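The data below hold one chain only, encoded as structure tokens and taken in the form predicted on its own.
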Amino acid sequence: MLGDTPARDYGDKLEAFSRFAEPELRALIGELGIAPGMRVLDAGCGVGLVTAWLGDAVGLDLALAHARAARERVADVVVGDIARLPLRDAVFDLVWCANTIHHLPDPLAGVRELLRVLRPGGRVALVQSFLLPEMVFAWDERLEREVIAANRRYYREKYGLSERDVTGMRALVGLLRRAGVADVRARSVLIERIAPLSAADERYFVETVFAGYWGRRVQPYLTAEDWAEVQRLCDPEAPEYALRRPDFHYLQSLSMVVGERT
């Protein structure tokens, strides 16, 4: 759905998010009860940072650059498409798939392919951020809403998506149940940061969120006044810089939906 190809490379963003959300990601992983000897697949492993946290896991990614980076951290990395996994049936005890399933043209078919490589009784864990709107400018909900809507509009127009395509990722529970998964359970945590931020967290916001997701791509979708205000709030040299305000308070949801292959 989002145009991933073997040549596409956004590894820097994947690593930045994983490092930023490491405490919350590790907490969710810890709830899965991964035991020594279990075979785990990280489907859509990116640069392999989370794969390493999953223990003795196999990483799989479509992008060649991501797979090369992952091999520096993980011994077993496969290049392949989740829609057509180059893996045998019923070989894994757990499949972890984070922020990936809705990159596929047919997420339901992708889940069924993940189930194919699970042993009976094995579990699939779909993890997705932003099922709820994030809070960035706690003191200005209107401006925050406008910027988030502008960013979504940018992605819809870039990839030819409908509003339903964009919001469809919220229905992870229904997706697993439609695939015939048993014992579906959901667990959500909040990624929460307040001022003062660590240097690593501030770097994530500046480089990945402000300069990346909220860069000039959103300007055409904002009024001139809102764009000027966003620039001031996101500029480390400006007096209004958001990340150094004593009332800075960031919230972002991170959800994990787990089910069992029958």
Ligand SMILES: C[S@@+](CC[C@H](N)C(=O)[O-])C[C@H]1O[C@@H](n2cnc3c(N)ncnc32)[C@H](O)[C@@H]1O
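For every residue, the number given is its place in the sequence shown, counted from 1. Nothing here was measured: the structure is a model prediction, and the numbers come from that model.
One more form of this protein, predicted together with the named molecule, exists but is not displayed; see below.
- Residue heavy atoms within 4.5 Å of the named molecule in the predicted bound form occur in exactly one stretch of 61-69, 33-41, 224-232, 193-201, and that stretch is 61-69.
- The named molecule is not shown here, but in the predicted bound form it comes within 4.5 Å of a heavy atom of L14.
- Within this chain, N151 is remote from the site of the named molecule in the predicted bound form, having no heavy atom within 4.5 Å.
- Contact annotation for D4: at least one heavy atom lies within 4.5 Å of the named molecule in the predicted bound form.
- Remark: Y10 counts among the residues lining the named molecule in the predicted bound form, judged by a heavy atom distance of 4.5 Å or less.
- For the marked spot (P133, V147 and T167), a heavy atom within 4.5 Å of the named molecule in the predicted bound form is absent from each of the three residues.
- Of the residues A125, L118, V181, I82, just one reaches the named molecule in the predicted bound form with a heavy atom at 4.5 Å or closer; this is I82.
- The partner is absent here, but in the predicted bound form a heavy atom of L104, alone among L104, L175, V77, L94, sits within 4.5 Å of the named molecule.
- Residues of 94-112 lying near the named molecule in the predicted bound form, listed in sequence order, are A98, N99, T100, H103, L104, the criterion being any heavy atom within 4.5 Å.
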